[in-house]
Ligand SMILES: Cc1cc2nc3c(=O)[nH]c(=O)nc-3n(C[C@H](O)[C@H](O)[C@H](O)COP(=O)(O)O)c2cc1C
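Quick heads-up: it's one chain on its own, the form predicted alone, in structure tokens.
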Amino acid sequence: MAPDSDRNRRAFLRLLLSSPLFAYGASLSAALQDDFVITRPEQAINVMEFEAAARKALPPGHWGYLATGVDDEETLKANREGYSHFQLRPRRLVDTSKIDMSVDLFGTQWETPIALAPCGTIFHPEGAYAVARAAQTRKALTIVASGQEEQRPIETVMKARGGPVWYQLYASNDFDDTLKTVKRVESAGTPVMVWTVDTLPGTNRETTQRLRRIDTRDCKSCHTTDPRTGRPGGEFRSNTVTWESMRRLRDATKMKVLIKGILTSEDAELCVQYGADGIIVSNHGGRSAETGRASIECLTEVVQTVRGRVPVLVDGGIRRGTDVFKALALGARAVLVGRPYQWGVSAFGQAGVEAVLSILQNELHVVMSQCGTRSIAEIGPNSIVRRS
């Protein structure tokens, strides 16, 4: 039986919830269940409910690595808040009995524009395999993060996926080593390489450091390497990678090459000039530079600069089907989600990832119906308006 203090607290919250004084405030239905943590993926009513489940399942060091932004985490917060700056324009009396959410990326038709971002899946024993199988079930694109090759080679991940996956490679000053990885991944049958360029100068991930110091475990007891936690003031790294490096990479492979980490019109134009096949607008989930600017806020200038010459994708802060819709309306070809599916796999493995994708896909289906858009192609600038 719950202590008297708990019963009194719940009674008080119910009283507040029924009061008209809170008609214009934040939802207290969430407050009534703020101590409820899902124990099965099918219990979740939105993807945010997987966060508490993941935090409960993970030790402090792992949770810190997953949750961290940089510095004061203003960019991390901005990523989520940025979507509130745009409002939907619903349309009525449109026959939406058939909704087509498919999208074409480099000649491959995907049933959903919601893809799984490259994340170091170190929080579940099956890791990238669980994610790949979930992507196969939900017919979604998945991008495999580098750094997992020793335990989970790209060939075996593709076998779990039942087909090719994209591969993400961090930009490195060691270009010869980069080329070795590119050739090996290409020979495995990978069609698309995602070149991540936004962590080259180093980062300052304080939440990782803060929670790692209260986690007394030897990290190598469950990983082959100790995930980098940084040091006070951040990790500074010298960088010799330039746009000429991009040209060399483009000339070295027949794979499509996307550049991930682009936030400005100037760099978007350079991407096109130096041969990139696509762009991912990203601030690394608020984990690279403390710009204070949401990736969704950067999308418009990149799309306007590119003018359809290459596809533009976006990630950062996506938690709702409405977020996906807004990104597509602003010109993104597809979106990438990261933390939500990492919460899912951390707490429940493959089933958690499937549930996260299912919820987001269902929410997108609903908002497309509400806005009278029967296909991704019908979602455009007229579907939203910027909040004044």
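So that there is no doubt, residue numbering starts at 1 and follows the sequence shown. What you see is a predicted model; the values in this text were computed from it and never measured.
This next part talks about the form predicted together with this ligand, which is not shown.
For the three residues Thr112, Arg138 and Ile359, a heavy atom within 4.5 Å of this ligand turns up in the predicted bound form in no case.
This chain is displayed without this ligand, yet in the predicted bound form the stretch 168 to 176 from 168 to 176, 183 to 191, 266 to 274, 243 to 251 comes within 4.5 Å of it by heavy atoms. This ligand in the predicted bound form comes within 4.5 Å of no heavy atom belonging to Val335.
Contact check for Arg133: every heavy atom lies farther than 4.5 Å from this ligand in the predicted bound form. Within this chain, Arg339 lines the site of this ligand in the predicted bound form, having a heavy atom no more than 4.5 Å away.
For the chain shown alone, Arg287 is a contact residue for this ligand in the predicted bound form, at least one non-hydrogen atom being within 4.5 angstroms. Screening Ile296, Ala128, Ala117, Ile279 for any heavy atom within 4.5 Å of this ligand in the predicted bound form leaves a single hit, Ala117.
Interface residue among Lys260, Lys256, Arg212, Arg161, judged by heavy atoms within 4.5 Å of this ligand in the predicted bound form: Lys260.
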